[in-house]
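As C-alpha coordinates, one chain now follows by itself in the form predicted on its own.
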(Lines give C-alpha, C1' and ligand atoms only; values in the text may rest on other atoms or scores of the structure.)
Protein backbone atom coordinates (compact mmCIF):
# COMPACT_ATOMS: atom_id res chain seq x y z
CA UNK A 1 0.00 0.00 0.00
CA UNK A 2 1.33 3.45 -0.92
CA UNK A 3 0.70 6.60 1.10
CA UNK A 4 0.80 10.14 -0.17
CA UNK A 5 2.99 12.60 1.74
CA UNK A 6 1.09 14.99 3.99
CA UNK A 7 1.88 18.70 3.65
CA UNK A 8 3.81 19.43 6.87
CA UNK A 9 2.57 23.01 6.84
CA UNK A 10 -1.06 21.88 6.97
CA UNK A 11 -0.38 18.95 9.28
CA UNK A 12 -0.73 21.22 12.31
CA UNK A 13 -3.96 21.59 14.23
CA UNK A 14 -4.14 25.38 14.27
CA UNK A 15 -2.97 25.93 10.69
CA UNK A 16 -5.44 23.29 9.53
CA UNK A 17 -8.21 25.04 11.50
CA UNK A 18 -7.32 28.40 9.93
CA UNK A 19 -7.37 26.89 6.45
CA UNK A 20 -10.68 25.13 7.13
CA UNK A 21 -12.30 28.34 8.36
CA UNK A 22 -11.07 30.28 5.36
CA UNK A 23 -12.04 27.54 2.94
CA UNK A 24 -15.60 27.82 4.22
CA UNK A 25 -15.68 31.64 4.44
CA UNK A 26 -13.18 32.66 1.76
CA UNK A 27 -12.14 35.63 3.88
CA UNK A 28 -12.33 36.39 7.59
CA UNK A 29 -11.15 38.88 10.17
CA UNK A 30 -8.37 37.89 12.55
CA UNK A 31 -10.63 38.11 15.61
CA UNK A 32 -13.21 35.82 13.98
CA UNK A 33 -10.53 33.21 13.26
CA UNK A 34 -9.16 33.62 16.80
CA UNK A 35 -12.61 33.08 18.29
CA UNK A 36 -13.45 30.06 16.12
CA UNK A 37 -10.06 28.38 16.55
CA UNK A 38 -9.66 29.11 20.27
CA UNK A 39 -6.07 30.19 19.67
CA UNK A 40 -4.16 32.92 21.45
CA UNK A 41 -3.49 36.05 19.41
CA UNK A 42 0.28 35.46 19.42
CA UNK A 43 0.10 31.84 18.31
CA UNK A 44 -2.51 32.60 15.66
CA UNK A 45 -0.43 35.46 14.31
CA UNK A 46 2.63 33.20 14.02
CA UNK A 47 0.67 30.47 12.22
CA UNK A 48 -0.98 32.94 9.84
CA UNK A 49 2.48 34.29 8.99
CA UNK A 50 3.66 30.78 8.07
CA UNK A 51 0.61 30.22 5.85
CA UNK A 52 1.08 33.64 4.24
CA UNK A 53 4.79 32.99 3.57
CA UNK A 54 3.83 29.73 1.86
CA UNK A 55 1.41 31.61 -0.40
CA UNK A 56 -1.66 29.93 1.09
CA UNK A 57 -3.14 33.17 2.48
CA UNK A 58 -3.28 36.85 1.71
CA UNK A 59 -3.22 39.12 4.74
CA UNK A 60 -4.60 42.66 4.59
CA UNK A 61 -3.97 45.10 7.41
CA UNK A 62 -6.15 48.20 7.63
CA UNK A 63 -8.15 50.24 10.13
CA UNK A 64 -11.82 50.12 11.06
CA UNK A 65 -13.16 52.85 13.39
CA UNK A 66 -9.57 53.77 14.29
CA UNK A 67 -8.76 50.18 15.33
CA UNK A 68 -6.36 47.89 13.49
CA UNK A 69 -8.13 45.30 11.34
CA UNK A 70 -6.40 42.23 9.94
CA UNK A 71 -8.26 40.25 7.31
CA UNK A 72 -7.13 36.89 5.93
CA UNK A 73 -8.14 35.43 2.59
CA UNK A 74 -7.35 31.98 1.23
CA UNK A 75 -5.52 31.98 -2.10
CA UNK A 76 -5.99 29.65 -5.06
CA UNK A 77 -2.68 28.06 -4.08
CA UNK A 78 -4.03 27.57 -0.54
CA UNK A 79 -7.20 25.93 -1.84
CA UNK A 80 -5.15 23.58 -4.01
CA UNK A 81 -2.81 22.72 -1.10
CA UNK A 82 -5.80 22.00 1.15
CA UNK A 83 -7.41 19.77 -1.50
CA UNK A 84 -4.14 17.86 -1.95
CA UNK A 85 -3.86 17.47 1.83
CA UNK A 86 -7.38 16.02 2.04
CA UNK A 87 -6.64 13.69 -0.89
CA UNK A 88 -3.47 12.52 0.86
CA UNK A 89 -5.41 11.86 4.07
CA UNK A 90 -7.97 9.88 2.13
CA UNK A 91 -5.18 7.68 0.75
CA UNK A 92 -4.46 6.66 4.35
CA UNK A 93 -8.03 5.55 5.07
CA UNK A 94 -9.04 3.91 1.79
CA UNK A 95 -9.47 0.20 2.07
CA UNK A 96 -7.79 -2.10 -0.40
CA UNK A 97 -10.50 -4.03 -2.26
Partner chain sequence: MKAEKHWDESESIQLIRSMIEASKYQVADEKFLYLLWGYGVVVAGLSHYYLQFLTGYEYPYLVWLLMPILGVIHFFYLNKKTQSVQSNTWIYRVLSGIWVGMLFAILAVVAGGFGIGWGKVYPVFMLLYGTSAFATGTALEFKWLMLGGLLSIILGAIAFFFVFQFQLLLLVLAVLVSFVLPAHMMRKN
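Numbering follows the first chain given and starts at 1. Remember, it's a predicted structure, so these values are computed and weren't measured experimentally.
Form predicted together with its partner chain: not shown, discussed below.
K.L.:
With the partner left out of view, is residue 20 within 4.5 angstroms of its partner chain in the model of the complex by any non-hydrogen atom?
P.N.:
Flag for residue 20 set to yes.
K.L.:
Flag residue 80 as yes or no: does it have a non-hydrogen atom within 4.5 angstroms of any non-hydrogen atom of its partner chain in the model of the complex?
P.N.:
It does not: once its partner chain is placed as it appears in the model of the complex, residue 80 has no heavy atom within 4.5 Å of it.
K.L.:
Would residue 89 count as touching its partner chain in the model of the complex under a 4.5 Å heavy atom rule?
P.N.:
Although its partner chain is absent here, residue 89 would touch it in the model of the complex, with heavy atoms inside 4.5 Å.
K.L.:
Is there a non-hydrogen atom of residue 55 within 4.5 angstroms of a non-hydrogen atom of its partner chain in the model of the complex?
P.N.:
Residue 55: no contact with its partner chain in the model of the complex.
K.L.:
If you look in the model of the complex, which residues in 36-67 sit within 4.5 Å of its partner chain (heavy atoms)?
P.N.:
Counting only heavy atoms within 4.5 Å of its partner chain in the model of the complex, the contacting residues of 36-67 are 36, 37, 38, 39, 64, 65.
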